[in-house]
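Below sits a lone chain in structure tokens, taken as the form predicted alone.
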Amino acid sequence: MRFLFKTDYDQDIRLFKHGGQVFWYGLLMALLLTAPFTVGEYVMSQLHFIFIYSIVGLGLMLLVGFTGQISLGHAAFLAVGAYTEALLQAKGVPVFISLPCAALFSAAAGLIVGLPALRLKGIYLAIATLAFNVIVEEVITRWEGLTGGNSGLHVKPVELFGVKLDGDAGFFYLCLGLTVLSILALMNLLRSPTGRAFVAIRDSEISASCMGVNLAKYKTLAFAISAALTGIGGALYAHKVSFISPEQFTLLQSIELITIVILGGVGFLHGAVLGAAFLIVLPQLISLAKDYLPANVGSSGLQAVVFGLVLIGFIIFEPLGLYGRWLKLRTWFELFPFYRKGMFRRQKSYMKSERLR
């Protein structure tokens, strides 16, 4: 088992706590950098989607996992980012300008949702965000002069400094770089006073308010940052699929995005990446399994059934998600044979003020 002996305050704010993390993360980065030369075209395409959904999952993790605000309308922010990128690219705007604009417009949409939702929480906040998703879907469907309506829009390949990133390798490095930057940005944000205010709101809004945390400010800020990251993911998604239409940003898409957080592990940045990878890999595993199933079983509805069963299984048996399971396995090996079964059991104690709300 690893013991960390801290001798100065700088050790508490390091991104990497010990040399082991530096080694393993460096090894992972080296493998990813060499992926375009070692894996096939199909695997590269799946890695593109994993990075894109990881960025979206990081934004949703900040809102749900670290601020405690539920959202069932993140497909709307994904649509705002995708359509902003498509329209700006059609006008010839460079990608280093169009991507920040996609994030900015999505953040503005997040503020529009966050401000009225300040007095809402729980199921009521979920319904409000769901209604926003329906409104955005209807707007992009009806506004045919701008969005093309149900006919959709074609998106040009990414062009960076005059070089088209239409190959798998170029777009792969762009997605990888933006994913790494998003992770580092959130790691720094969460160890700042703003990030600690987010966590305080998640744990207890009454306690946070008593400690001087401005609930309205930080809730709307969390919505804005989360929507901005989702907008960046939406812009990359538009370039990846090369064609966008309202059918790609429905309520079902919002539910798939929230499952990234649930499957990966609520409250862990690693969980956003693991949940995105699981969301992309699971349909491929189901497709492989169909070859060994009877003809009447391998129907189009099998994926929805399996996905629902997996989600229910995680909620019941592993509420901490994939990263929580990894933490338990690692702790078991570190403490064996002294590991206690109830070490990760959720605490049921609440403040009296919370019970009376």
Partner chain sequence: MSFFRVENLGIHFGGVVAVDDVSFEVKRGEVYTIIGPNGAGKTTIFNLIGLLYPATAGRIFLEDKPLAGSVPHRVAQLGIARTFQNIELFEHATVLQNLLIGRHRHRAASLWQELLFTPAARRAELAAREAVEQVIDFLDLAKYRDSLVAGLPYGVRKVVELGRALATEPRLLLLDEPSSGLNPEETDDMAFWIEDIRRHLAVTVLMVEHDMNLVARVSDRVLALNLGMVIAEGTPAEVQAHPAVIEAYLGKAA
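What you are looking at is a predicted structure, and each value in this text was computed from that prediction instead of being measured. Residue numbers count along the first chain shown, from 1.
There is another form of this protein, the form predicted in complex with its partner chain, and it is not shown here; the text below is about that form.
- Checked against its partner chain in the predicted bound form, the residues H270, K240, R191, H154 give one hit for a heavy atom within 4.5 Å, which is R191.
- The partner is absent here; in the predicted bound form, the one residue of A185, V93, C101, V281 having a heavy atom within 4.5 Å of its partner chain is A185.
- At the 4.5 Å threshold, heavy atoms of F333 stay clear of its partner chain in the predicted bound form, well away from it.
- Taking the partner from the other structure, its partner chain in the predicted bound form has no heavy atom within 4.5 Å of any heavy atom of L285.
- Its partner chain is not drawn, but in the predicted bound form it has a heavy atom within 4.5 Å of S207.
- Proximity of L160 to its partner chain in the predicted bound form falls outside the 4.5 Å heavy atom cutoff.
- With its partner chain left out of view, the stretch that reaches within 4.5 Å of it through heavy atoms in the predicted bound form is, among 73 to 81, 93 to 101, 230 to 238, 207 to 215, 207 to 215.
- Counting a residue when any of its non-hydrogen atoms is within 4.5 Å of its partner chain in the predicted bound form, the one hit in 13 to 32 is I13.
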